[in-house]
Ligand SMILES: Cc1cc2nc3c(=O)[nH]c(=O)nc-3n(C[C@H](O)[C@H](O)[C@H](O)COP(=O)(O)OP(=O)(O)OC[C@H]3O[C@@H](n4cnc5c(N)ncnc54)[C@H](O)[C@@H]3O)c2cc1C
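The form predicted on its own is given below as one chain in structure tokens.
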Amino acid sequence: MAASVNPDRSQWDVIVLGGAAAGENAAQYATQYSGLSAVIVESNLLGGECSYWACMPSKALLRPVEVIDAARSLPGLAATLDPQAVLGHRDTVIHHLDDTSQVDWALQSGIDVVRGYGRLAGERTIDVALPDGTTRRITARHAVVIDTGSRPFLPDIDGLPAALPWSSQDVTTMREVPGRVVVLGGGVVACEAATWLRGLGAEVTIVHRSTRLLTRHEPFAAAEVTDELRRSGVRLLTGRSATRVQRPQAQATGRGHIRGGEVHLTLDDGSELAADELVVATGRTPNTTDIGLPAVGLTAGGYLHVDDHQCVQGTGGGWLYAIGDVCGRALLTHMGKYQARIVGEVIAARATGAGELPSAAQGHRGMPQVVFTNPQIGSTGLTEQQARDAGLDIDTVEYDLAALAGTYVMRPDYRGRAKLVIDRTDDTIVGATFAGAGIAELVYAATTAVVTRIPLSALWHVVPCYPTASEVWLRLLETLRQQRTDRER
């Protein structure tokens, strides 16, 4: 039977509740070699947050800002930026919020799609609230996979909800660039948004309760981003919090549209700010409050705890799985897709009785991430502090990326740094961080080293091309050797 949208059937081998990128991968990997059937239940756009309101639109907005900054650093290039053209390119990247291509992919892969809001109604059972107001019950022979994701967190600040502030979804799909913007938060979303807003011409102020930005990253990398934000004209108010928000003329104008008149913020030191728009980027919370968890003996709200097969703890029978943001292991699209691949293979193996069950433990050693600010931050594995907190006996080594021929050719004013964290017990890399323009492509090699625990003695024989930024690997190893030699003298 050919796959279809809203097919007239009530049972499949696998039901995926939520159709983000991870959910799509779970359905694909569960069915492609096993002969199992699968359906994705989704009430919104198939492809989820990443495809339409996060990874893809944000990178479409950041890339022109990055390119024009690089162009301005090189002689012979006259670069200008057209904000409306950038927004138009963003719309093309997100297919104008049309998921036809994603649905076509699912159907061509033999995966059914049911449009509606699904809730657990019992073991292997989902009730789907359909757009016409009726409810449809479907069941799974083998497994249910939860991929309901997360949503922006709104802090408890007086007047904030009534001010109708922008969330991450608004700022990635904005229809116009506000003149003045205040960004609440200092994490990845806040720093990326501040980068493209400033690059597109907005006056930007960041208000962050911590004394530094990007607190989960190595301090040197956060400092590089902080310095560049300041150089670009972003005003940073760190160690400060908003206590009150007022917007008397707030209007529900729709996603990505400016929400009425001026917004006024009062900070904890008594100072005040005025802006044309307020962006709240203070974290995310899992979508688990209304997916029927009590029907299977679980508490609604909070992250779902999973084992290394991504099986939800607290339910028997090995039938309920969770992937992506909803399980809280790593709120990164690529890690959710990795978990989905593991889940699909686990489900297929359990259903067919063939093969050893795969584990997600090894892949979670790395958890690579790129922050697409200017400069970029790329990281994998543990920071130095995390390694020390874990009780590891470590070495660290750093190198100035600007000292490489490959980065000098890229741009003469290059600024950046690289750092490795090494476990001395087996002389392997357990963490790596890079900060600089164009370093995103360095992260995969670092992740390979972290996940596979390649000894440093073997890495000596991995020759980097010249002149490229990857030469930093050789320079880091040379510097580490010199550090160790100096200590032994």
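Start at 1 and count along the sequence shown; that's the residue number. Keep in mind the model is a prediction, meaning the values are calculated, not measured.
FYI, the form predicted together with this ligand isn't displayed, but the following is about it.
Of the candidate stretches 208-216, 325-333, 350-358, 272-280, only 325-333 has residues whose heavy atoms lie within 4.5 Å of this ligand in the model of the complex. Checking 54, 36, 65, 442 for any heavy atom within 4.5 Å of this ligand in the model of the complex turns up a single hit: 54.
Interface residue among 165, 366, 149, 185, judged by heavy atoms within 4.5 Å of this ligand in the model of the complex: 149. Among heavy atoms of residue 58, some come within 4.5 Å of this ligand in the model of the complex. Although the partner is absent here, residue 45 sits close enough that one of its heavy atoms falls within 4.5 Å of this ligand in the model of the complex. Contact between residue 116 and this ligand in the model of the complex is found at the 4.5 Å heavy atom cutoff. In the model of the complex, at least one heavy atom of residue 41 sits within 4.5 Å of a heavy atom of this ligand. In the model of the complex, no residue of 66-87 lies within 4.5 Å of this ligand by any heavy atom.
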